[in-house]
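What follows is a single chain, given as structure tokens, in the form predicted alone.
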């Protein structure tokens, strides 16, 4: 059916976001065990800590009025400084001339930053390199803006370097490299696969991209989505792409306070090159002229008093327990032909079924799973359309983040039974 003529081209490009119908199914059928939506862990939300922070924030009238008033488009000055200090500590950097609080913007979750950066860099028909598979909500941004996605395969430790070189060379050979604007990479406990990109691959990726800049005729930016970095519960941390960009010229670092602290606070942040910051702030000002100031003052207090970092170990331990529950259930109930990679952070498993299997919304496994009262994310939603390969339909994303602990094993048991009914 054709769209009404009064709609904009952007409105006509947009389809119903998968996250919308996944959440709608969850709400309309409360009896469903949802292993789909990536809600954060209710059991580790810092209820007492936030209550104490709010009391302190409102203790004196002058401070309370500041918190309850509008803020600025770029964000609360103290929160921006404390955020930069935190990122620099993680990466072993010292804030200095190349990185200052002026390079930090506070956003309504990291999702807003992904949208803003894509908006200020890309026109319809421009190209963004993405992982294959990738964060399916970002694919909605790509669709809405009329951007062309160039998928590069993932390996166990992140983006395939050979695949990246082949993609860049192909774009150069076809004359399309000038339309490439950025790479959007989810580098920590990736959504949906749970894989973390190695530091060596980050270094090589940046070198490969810089090699092709002359042929592109303009800077090529890397947008590093680090939303799951603080949800690491095993193994050492990996320095960011930003640590490889000492002059702050090519890397946009995007992260969030929503997932590790409180999704209800809904704040994210970015560390941006100055060449992009002014344009992102102009676009953000047109959207909201500032993220919620009360929430920003709350987070600034949590960082200044150490509440945020003291909360992380308890939160990470909670996700480790949930990971262990799901891993044990997968080993107990899933057919042996199903494979998955171990995860050491985040909130997702990415089971891969035999290639001929169909886990899509229209396939028999998804319909049978709904009949059995369990919901997952069909894996095909995480792959972009590409003329270079058919869209894979044999994977699924399972979240151990939001479901009550008691439901995790039962949900996996039901899914395993469904798989056996289709001959796996």
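Residue numbers count along the first chain shown, from 1. Please read these numbers as outputs of a predicted model, since none were measured by experiment.
Here the subject shifts to the form predicted in complex with a small molecule, a form of this protein not shown in this document.
Practice item. Please name which of the stretches 109-117, 76-84, 211-219, 198-206 has residues with heavy atoms lying within 4.5 Å of the small molecule in the predicted bound form. Key: Result for this chain: 109-117.
**Study point:** Heavy atom within 4.5 Å of the small molecule in the predicted bound form - the one residue of 308, 319, 228, 350 that qualifies
**Key:** Result of the distance check: 228.
Exercise for review: Let me know the one among 179, 266, 333, 344 whose heavy atoms come within 4.5 Å of the small molecule in the predicted bound form, would you?
Suggested key: In short, 266.
Exercise for review: Give a yes or no for residue 259: in the predicted bound form, does one of its heavy atoms lie within 4.5 Å of a heavy atom belonging to the small molecule?
Suggested key: Yes, residue 259 sits close enough to the small molecule in the predicted bound form that at least one of its heavy atoms falls within 4.5 Å.
Point to revise | Residue contact check: residue 241 to the small molecule in the predicted bound form, 4.5 Å heavy atom | key: No, residue 241 sits far enough from the small molecule in the predicted bound form that none of its heavy atoms falls within 4.5 Å.
Review point. With a 4.5 Å heavy atom cut-off, would you call residue 191 a contact of the small molecule in the predicted bound form?
Key: Yes, contact at 4.5 Å.
Review point. Closest heavy atom of residue 135 to the small molecule in the predicted bound form, within 4.5 Å or not?
Key: Because a heavy atom of residue 135 falls inside 4.5 Å of the small molecule in the predicted bound form, the answer is yes.
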